[in-house]
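The chain below stands alone and is given as structure tokens, in the form predicted on its own.
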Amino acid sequence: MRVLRVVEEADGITTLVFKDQICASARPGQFIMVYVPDLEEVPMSLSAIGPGALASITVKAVGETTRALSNLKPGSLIGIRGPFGRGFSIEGRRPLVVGGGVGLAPLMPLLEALVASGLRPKLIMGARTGSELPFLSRARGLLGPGQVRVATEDGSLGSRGLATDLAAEELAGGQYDVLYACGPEAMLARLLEIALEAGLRHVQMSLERLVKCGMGLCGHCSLGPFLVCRDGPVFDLAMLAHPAVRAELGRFWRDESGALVKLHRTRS
């Protein structure tokens, strides 16, 4: 696919827009495998899905391939496989959506789908600092400023603190019946605890693991009894509450060999 437009969303975070009918008909939360010539293939969530067959991925420059993607210009070619995996499903009537950093990417098409279904979601956005927060204008334009809350660790934008702090505050009121989330895994592990304490029956989180094939063949992305590429990346409450998943979530990752390694904890 040819890159049509490049958008600088925040410091180190770039969106690549392209045209593809298959991706434009994907479900919010699904991902694609993206190939840059001479580099490895990487999984990327779709950050925009249609209309006009337009789609996009949003990249944070953290490794060789993501840096190369971030440096692409309009007209550049990228290879795509997919979409793959299990996306979000709309349930409940009073949704709370929580995203951290580039984890907000798959939540943007979800928010659009929720609004199109007649729902009025509340969004909590978190980042280390205000300059690293993507999609703020897009979110406020879609939901209205009163439906968007922001937390930054340094207090440079919105409330000083973590997105999980605002989520705990919102869920304590009992006005929500479903939680959607994506972001750093330490954030997601804490959000799961908060949701269970609040008695939520509907929770959906988009998770990340080392995805190689994208089709459930290689097993690199295993999390408990599940494969993130095939059974996820969106996990529902029953999957998240599985003892093996809770034992790993926010604590361990599988490396290239499939061995469990301690996960660096990043907050949002």
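Note that residue numbering follows the sequence shown and begins at 1. As the structure is a computational prediction, the values presented were derived from the model and not from experiment.
If you look for the form predicted together with a small molecule, you will not find it shown, but the lines that follow are about it.
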Subject >> Contact test, all of F88, E193 and L249, partner the small molecule in the predicted bound form, heavy atom 4.5 Å >> reply: no
Original post:
Among P37, P225, G199, G63, which has any heavy atom within 4.5 Å of the small molecule in the predicted bound form?
Top reply: G63
Original post:
So, in the predicted bound form, is V59 in contact with the small molecule at a 4.5 angstroms heavy atom limit?
Top reply: yes
**OP:** With heavy atoms only and a cut-off of 4.5 Å, decide whether A105 touches the small molecule in the predicted bound form.
**Re:** yes
**OP:** Report yes if any heavy atom of K212 sits within 4.5 Å of a heavy atom of the small molecule in the predicted bound form; otherwise report no.
**Re:** yes
Original post:
According to a 4.5 angstroms non-hydrogen atom cut-off, is S45 in contact with the small molecule in the predicted bound form?
Top reply: yes
Original post:
in the predicted bound form, which of the stretches 97-105, 147-155, 114-122, 161-169 has residues with heavy atoms within 4.5 Å of the small molecule?
Top reply: 97-105
